[in-house]
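Before any questions on how it binds or moves, here is one chain, the form predicted on its own, in structure tokens.
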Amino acid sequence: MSDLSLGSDRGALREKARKLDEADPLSAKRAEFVLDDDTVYLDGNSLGALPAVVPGRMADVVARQWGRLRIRSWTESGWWTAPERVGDRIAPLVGAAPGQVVAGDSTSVNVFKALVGAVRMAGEGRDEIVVDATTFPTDGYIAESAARLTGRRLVAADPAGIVDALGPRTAVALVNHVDYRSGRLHDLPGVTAAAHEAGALVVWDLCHSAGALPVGLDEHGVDLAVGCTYKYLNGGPGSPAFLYVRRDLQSRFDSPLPGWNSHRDPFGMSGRYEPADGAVRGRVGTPDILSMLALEAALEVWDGVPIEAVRDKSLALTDFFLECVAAYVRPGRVESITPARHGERGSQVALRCAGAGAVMETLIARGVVGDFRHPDVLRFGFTPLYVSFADTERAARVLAEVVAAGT
């Protein structure tokens, strides 16, 4: 690749980025986030950027709702109903009707509730929990613990072999919708249908798909799902996760963590637990109100945004990034491990690269923020609400310069 041809490529790709940004129906959303003009932020798949509305809203929550109203805010400010209210704000982003999603606790806690609850619904004779062998480590840890606690056997299977691992002994399968390392999108409709054909339930982890692409929980008959809100939903560090329980399963959902917040009469203080109806059954203890209300404010950036438009831009951004990388980076320096096919790709691009840790450190120092996964993977997350095509071209250009310098 000569310097002359590289310069020609750069000019053409910068012009292409300009035209794509001009035609982008989501471009105005960028102004609703707190971002630095000199930084390309491609780590929204780890921590989403701050929506500009949140600081002012939280100032009111702290100074007025907590500072002046104090205990009255549980009713007057709607604190008590926040988990269901926020759940209903998340629901359309994952393809769920109201009344099936509750916000609260961490993803890990919700994975535990969903898995053990699914085992209890599956009944006798089903003594296996199937888990995605490439899952995020915590999901694997919790699945192993849930198997011990319920007397089930854990069966680990590669996502491509999940369907083959399902059978008459399967109680539940726990599967990631998008692989956190490679960005591979797994077959939610197909695996869900196969689980049901085997008489089993399925729990989907949506951490890397909620807010990035259509999920279709109701459409595809998903049983239970969990997800975090601090990535593509921009809820803030450690913001509450969510739990989805399909409506017709809610009356059978027996949570392993029954708390007073999920009691039919929480203020009756009965010594006998009676679960509430509906999504409330997924609650446990007193919700983290400060984080919950920050998340509620953050979700306002989604007003009027169809998730299909987000998906279209996500695919366009990742296509364009791969095009720029191919044009700018000398052959053999990086290798994409993210599937090229749209139907198999989430909203990130993962590149295998020698010395990836040092390369990412240099990229960040030069204003391109992605992240590194051991041992040799550079991850770049594309959040369509605030990442532009100009950002994308710049990131690929700086990557090429860093790699060429032999950092």
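Heads up: residue numbers just count along the shown sequence, starting at 1. Bear in mind the structure is a predicted one, so any value in this text is a computation, not a measurement.
Keep in mind that the form predicted together with a further copy of the same chain is missing from the display, and what follows is about it.
Engineer: Hey, in the model of the complex, is Pro287 touching a further copy of the same chain, heavy atoms inside 4.5 Å?
Structural biologist: It does: once a further copy of the same chain is placed as it appears in the model of the complex, Pro287 has a heavy atom within 4.5 Å of it.
Engineer: With a 4.5 Å heavy atom cut-off, would you call His342 a contact of a further copy of the same chain in the model of the complex?
Structural biologist: Although a further copy of the same chain is absent here, His342 would stay clear of it in the model of the complex, with no heavy atoms inside 4.5 Å.
Engineer: Taking any heavy atom pair closer than or equal to 4.5 Å as contact, tell me whether Tyr328 reaches a further copy of the same chain in the model of the complex.
Structural biologist: Taking the distances in the model of the complex, the answer for Tyr328 is no, it never comes within 4.5 Å of a further copy of the same chain.
Engineer: Indicate whether Glu296 is a 4.5 Å heavy atom neighbour of a further copy of the same chain in the model of the complex.
Structural biologist: It does not: once a further copy of the same chain is placed as it appears in the model of the complex, Glu296 has no heavy atom within 4.5 Å of it.
Engineer: Quick check for you: of 314-322, 145-153, 170-178, 197-205, which stretch puts a non-hydrogen atom within 4.5 Å of a further copy of the same chain in the model of the complex?
Structural biologist: That would be stretch 145-153.
Engineer: Within 4.5 Å, heavy atoms only, which of Pro256, Pro159, Gly278, Gly95 is in contact with a further copy of the same chain in the model of the complex?
Structural biologist: Checking each option against a further copy of the same chain in the model of the complex, the one that comes within 4.5 Å is Pro256.
Engineer: Could you work out which of Val377, Leu26, Leu50, Ala358 is the residue within 4.5 angstroms of a further copy of the same chain in the model of the complex, going by heavy atoms?
Structural biologist: Checking each option against a further copy of the same chain in the model of the complex, the one that comes within 4.5 Å is Leu50.
Engineer: Scan 79-109 and note down the residues that get a heavy atom within 4.5 Å of a further copy of the same chain in the model of the complex; none is a fine answer too.
Structural biologist: Read in sequence order, the residues that approach a further copy of the same chain (within 4.5 Å, in the model of the complex) are Trp79, Asp105, Ser106, Ser108, Val109.
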